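Before any questions on how it binds or moves, here is one chain, the form predicted on its own, in structure tokens.
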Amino acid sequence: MSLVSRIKGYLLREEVASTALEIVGSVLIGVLAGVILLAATGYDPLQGMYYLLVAPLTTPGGVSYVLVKPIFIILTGIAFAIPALAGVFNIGGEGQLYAGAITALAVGLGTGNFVLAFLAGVAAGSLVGLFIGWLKETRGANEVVTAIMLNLALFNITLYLVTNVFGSQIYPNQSESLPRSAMLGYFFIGRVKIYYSLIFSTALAIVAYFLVYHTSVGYWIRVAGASPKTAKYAGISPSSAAVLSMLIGGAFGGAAGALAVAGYAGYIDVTLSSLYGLGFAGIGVALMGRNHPIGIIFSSMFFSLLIVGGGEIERNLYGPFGYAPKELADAVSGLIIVALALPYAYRMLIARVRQARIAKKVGGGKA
């Protein structure tokens, strides 16, 4: 083994070890903050942590619920992570999810074919991502502002289509249901219910990993995000990489929406409660997973555990003011999520500030 290979291996091991130490430390800090909050409000902190982190895994029903949320938030997490690697803040995963969901519903109802419904949802999400990236790079539009406006527009468009075009003739609270041929089913391991779409979304995350770290496209995206100046010297267009990253990110957001309909529910409710917030949850999951597709798989599982565990706290943790309110359960879960996501979010912010300063100095020098 050459000296260079040994150095690379050592640096990789050091990076993995430091990341693992940071994650473990962040979890411990978050749990400690949750314990302090529970104790300060008069609730038993040990019981609270048991209900949050252990109770959901002790029953088949709890495990089944834990394995549902990751179906979608793995993909919305990747929808944020890939553009983030290119230096683009994709807050439009929510809108890309809506576009994918309503398109998959329309195509699934029209064709009765899962593959066509899924691919149509992916295409719809990718077009939304492409539009945001194109506006940013060609018109100088801030991607965050554009995405927020599109999220709202796509929410209302989806709501209109669900209630006025695809509304069920039998059930007034939902759209028409997809036929079985347009849906992925589920299976049981013991008494634990697992949807095939969970395996599908995990496989897509693995595809994203190989795309980002083992293809020239992923290399262009990462170099452009790490150092736009270096990318230019290497013949890589940072603008093209940013637009491409948004196209790919949007495709994963659309895939999340398609699976939410054709891989799980089979319909969209008229309040969009089954979809609302999944895109934003992906941002937290991506930061918890350090914007790494494999890390996002595990962080989405942990995020789902905290959501289900929060429900266990509400139902079972009794204190001086009665059963723990939802706000307290959400606060305890949120503290752990923030503790996990904050260190990486801070590094991302500092990196973007430094890049902006360098770009300003270079531009000033040219002037």
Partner chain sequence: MRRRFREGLSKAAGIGIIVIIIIAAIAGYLYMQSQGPAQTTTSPETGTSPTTTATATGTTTTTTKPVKVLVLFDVGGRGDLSFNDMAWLGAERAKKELGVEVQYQTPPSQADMKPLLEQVSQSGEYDLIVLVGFLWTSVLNETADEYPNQKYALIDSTTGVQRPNEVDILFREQEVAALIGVLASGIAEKLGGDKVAALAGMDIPPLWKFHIGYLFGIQYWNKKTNSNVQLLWVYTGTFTDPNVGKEQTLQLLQQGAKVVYGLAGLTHLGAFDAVKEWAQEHNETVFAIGQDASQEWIDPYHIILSGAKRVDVAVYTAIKMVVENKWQSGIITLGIKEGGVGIWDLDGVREFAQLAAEQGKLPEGMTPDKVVQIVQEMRNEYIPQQAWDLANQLEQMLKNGEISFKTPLSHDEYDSIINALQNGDLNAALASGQVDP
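Quick caveat: nothing in here was measured; it's all calculated off a predicted structure. Residue numbers count along the first chain shown, from 1.
One more form of this protein exists, namely the form predicted in complex with its partner chain; it is left out here, but the text below deals with it.
Although its partner chain is omitted here, in the predicted bound form none of 115, 196 and 239 has a heavy atom within 4.5 Å of it. Taking the partner from elsewhere, residue 65 is found to have a heavy atom lying within 4.5 Å of its partner chain in the predicted bound form. Under a 4.5 angstroms non-hydrogen atom cutoff, its partner chain in the predicted bound form lacks residue 176 among its neighbouring residues. Contact annotation for residue 139: none of its heavy atoms lies within 4.5 Å of its partner chain in the predicted bound form. Its partner chain in the predicted bound form is not approached by residue 187, whose heavy atoms all lie more than 4.5 angstroms from it. This chain is displayed alone, yet in the predicted bound form one of 264, 89, 280, 134 has a heavy atom within 4.5 Å of its partner chain; that residue is 264. Of the candidates 230, 181, 215, 273, 273 is the one whose heavy atoms come within 4.5 Å of its partner chain in the predicted bound form; the others do not. Residues 314, 315, 316, 318, 323, 326 of 313-331 are found to place at least one heavy atom within 4.5 Å of its partner chain in the predicted bound form.
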